[in-house]
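We begin with a single chain expressed as structure tokens, specifically the form predicted on its own.
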Amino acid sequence: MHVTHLSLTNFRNYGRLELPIPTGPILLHGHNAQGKTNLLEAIYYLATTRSPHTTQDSELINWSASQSQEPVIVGRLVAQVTTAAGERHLEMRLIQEQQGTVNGQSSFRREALVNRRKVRLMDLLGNLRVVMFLPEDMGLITGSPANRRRYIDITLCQIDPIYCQTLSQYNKVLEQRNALLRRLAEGLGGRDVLPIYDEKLVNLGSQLFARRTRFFSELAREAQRIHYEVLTGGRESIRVNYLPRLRGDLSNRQGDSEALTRLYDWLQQHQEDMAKITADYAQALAAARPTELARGSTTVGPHRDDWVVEVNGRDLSSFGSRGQQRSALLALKMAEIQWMANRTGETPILLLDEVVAELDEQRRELLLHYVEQATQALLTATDPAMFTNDFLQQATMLQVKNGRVLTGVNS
């Protein structure tokens, strides 16, 4: 799988760009704030329908264009993608309408197209698959559970359309159930509808529990192999533990991690037995009802899940050194690449934003080995001199300067 051509209109600092992209490693170099990261962001956005840097899609529109007096501003991201199944033409439109504003705010919407036909945003997923490396990825080890859940969802949605559809439906039911719980907490409405929401939530949530369990089982095995055999020479063992919120009386990462780990082990044993998972989840939801009625929110379910990385049995976020955290994160990302390749038969596109400078020589060498083996990998760097001559000879060099992409090394 690889992108053969990328077209951007009114995206970030690109007013207009037409860029043919070769296979193999591609090094995007230049000073800061020239547009290197924006190219990676565009490809990531077409693959996932999300930006790795902002939750406000309207911020992706070129600033100059958004300040104009045009009634409709359209940002366009288009990629021609070659896959084992054939050619695909992917497009995302970011549409900002200046007229008919509400409270002085422009209206904004997105449109997705596959082979020039409009589709749901969800249907864009899976046509282009990427694994992205960012300096801030360390937050997957040390940051909030919400960031780790986001990682699960983005990774799985690129591969598993059933998971993505189920997640979307679950979130809608969850929102409706929470709205009802808030009304009930305020003494409004009746409880007659609550069992209906409970049944829907349990059926959908059980599928998410099962699919996340399968994902972590496969990812953890590969991450352990890479970490033990390649990164630490057999000195350290890691375990990636899924912490499913399948009990209302457990609190993620606060003294109950052992019990949550046992739940993960239980799910691994019963991941094919949906009736058993559903029954267990329904029981947990029923037990949590008094608490949820008092709080006005749903406290049990995959929306509260977390996961943790342990090194030699100790939580890496609390006890690991910076070097151990980097090694674990690198093993996790490499395992993600291998997991996608195993599930699809194609290596995903690798996107590496200024991460090589963050690594020591051993980790850098290992990462670049993966980059060289990939069908396509795009890297950004301010200084190409940090790469070996052998790598630079293999790579396509593209200089990025003020929203323009130039061939060659020299400034």
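Because the structure is predicted, anything quoted here is derived from the model rather than measured. The first residue of the shown sequence is 1; numbering continues from there.
The form predicted in complex with a small molecule exists for this protein as well; it is not shown, and the discussion that follows is about that form.
**Student:** I'd like to know if E70 sits close to the small molecule in the predicted bound form, meaning any non-hydrogen atom pair within 4.5 angstroms.
**Tutor:** It does not: once the small molecule is placed as it appears in the predicted bound form, E70 has no heavy atom within 4.5 Å of it.
**Student:** My question is simply whether E365 lines the interface with the small molecule in the predicted bound form - judged by any non-hydrogen atom within 4.5 Å.
**Tutor:** Judged by the heavy-atom cut-off of 4.5 Å, E365 is well away from the small molecule in the predicted bound form.
**Student:** Within 4.5 Å, heavy atoms only: does T48 come near the small molecule in the predicted bound form?
**Tutor:** The answer is no: T48 has no heavy atom within 4.5 Å of the small molecule.
**Student:** Should T9 be classed as touching the small molecule in the predicted bound form when contacts are defined as heavy atoms within 4.5 Å?
**Tutor:** Outside the cut-off, so no.
**Student:** Ok, T54, Q373, N32, N342: which has a heavy atom sitting within 4.5 Å of the small molecule in the predicted bound form?
**Tutor:** By the 4.5 Å criterion, the partner-contacting residue is N32.
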